[in-house]
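Next up is one chain by itself, shown in structure tokens, the form predicted alone.
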């Protein structure tokens, strides 16, 4: 892709080049189109698509159901990507994908995130296509599967009907099925949504999205690896004064609202902490406060995680020093606290050393922590044993079916969404949107979605 002069190209050229799919409006991104794209559009198109992908990531982290995700993807696409001219929408779609492919090819972590979000986006957009467009896309991906012959369909019709009933569908079986190796549709096999026989899965026309998405994911994964090699070998150095700064900045950008200092938040004081802990703190912070009160000490990881959380919640430096001094002095004395620990607190508030104004840890960083013996930081949903986690949740007032729901999420490693579920259960309302929260709860929620 050439990105140079201020010159808008027609979208038909993009589709003809192979960057867009010939099947309707859903591109397959097989090859970058030979287009001239203005630098302004290079960045703006990428930002708009990144808003869509970040929105998808947010929806998944909150545990939205498939039908909710389908609606969310449709709304995100309409808001950020759609143009009055369908040709311009296609042009923006193709250009933005290849720009972000360049942005997210550079590390394994970036590639993994981009691949997951693009695959999810493609899955839900494919579902919105007409059956005819879906068939054309199957052809474009060169899937070697033909519809099941009538005679074979009749032989397995009863089995297919049983599968349909078991997943809550009508007993009237669809008439178009594809017989594919079971390893091609691992998601359908894992959820027991297909009939298996002799190593083959019988996939209904309404389920072919799994076939297409598997191929799409494979193609994008390979393309990211190739793009990474090109970026490292030539592009990064050649474009060091023009594109490289934009590319490197985009992967770290956050385009959502800034909830790190909520507009409706007020500073919290020492007397507020215990009450707020009961009503608004996530489990990880409640746990550290309990251990601090119990032991009058936290190791470095705990002091950083909890201290920065309190800072972000609105605790001023003077109050933070008084808070930590009151606890630690019961064990080590005020003089030793001032000598060994006060500096780090002032440092976190940007008053010492490099004067960096440190921000609270995100949920993802907390989940990724590796607490050792005697440490109390990290994510309880990930790092607690089952018995300890049940005890902590019982202390919050969570029990019965609600507790089992959370434990099931823990087993499936849905750690982030558990904060929203836990506060939804204890406060007797559904998983909250940020607009439904205020003050410290809005700030806390932002740590769980601003990754």
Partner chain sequence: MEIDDQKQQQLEAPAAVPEGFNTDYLRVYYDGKHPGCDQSYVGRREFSFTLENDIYLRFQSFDSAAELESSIKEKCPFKIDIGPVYSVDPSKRHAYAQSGNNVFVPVERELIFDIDISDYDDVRYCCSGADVCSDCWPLMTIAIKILDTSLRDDFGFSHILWVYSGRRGVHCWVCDSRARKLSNEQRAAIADYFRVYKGGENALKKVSLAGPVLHPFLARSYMDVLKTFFEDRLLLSQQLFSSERCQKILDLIPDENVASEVHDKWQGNRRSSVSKEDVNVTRWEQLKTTLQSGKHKGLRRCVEEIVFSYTYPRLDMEVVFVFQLIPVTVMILILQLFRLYHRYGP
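Quick caveat: nothing in here was measured; it's all calculated off a predicted structure. Positions refer to the first chain, counted from 1. Definition used throughout: the rigid core is the maximal C-alpha set that superposes within 1.5 Å between two forms.
The next section is about a form of this same protein that is not shown, the form predicted together with its partner chain.
Here the marked residues 166, 190 and 335 all reach its partner chain in the predicted complex, each with a heavy atom within 4.5 angstroms. For the chain shown alone, residue 390 is not a contact residue for its partner chain in the predicted complex, no non-hydrogen atom being within 4.5 angstroms. Not displayed here, its partner chain is kept clear of residue 271 by more than 4.5 Å at the level of heavy atoms in the predicted complex. Using a 4.5 Å cutoff between non-hydrogen atoms, residue 343 counts as a contact of its partner chain in the predicted complex. Of the heavy atoms in residue 101, none are within 4.5 Å of its partner chain in the predicted complex. Out of the listed residues 183, 241, 132, 318, 183 is the one that sits within 4.5 Å of its partner chain in the predicted complex by at least one heavy atom.
Only one of 116, 329, 162, 89 comes within 4.5 Å of its partner chain in the predicted complex through a heavy atom, and that residue is 162.
Proximity to its partner chain in the predicted complex, taken as heavy atoms within 4.5 Å, picks out 363-371 from the listed stretches 363-371, 242-250, 72-80, 218-226.
In sequence order, 186, 189, 190, 192, 194, 195, 196, 197, 198, 199, 200 are the residues of 184-214 having a heavy atom within 4.5 Å of its partner chain in the predicted complex; the partner itself is omitted from this view. Comparing the forms between this form and the one not shown on their rigid core, the Cα displacement of residue 181 stays under 2 Å.
With the core held fixed, the Cα of residue 71 is displaced between this form and the one not shown by less than 2 Å. The two forms, fitted on the rigid core, differ between this form and the one not shown by less than 2 Å at the CA of residue 199.
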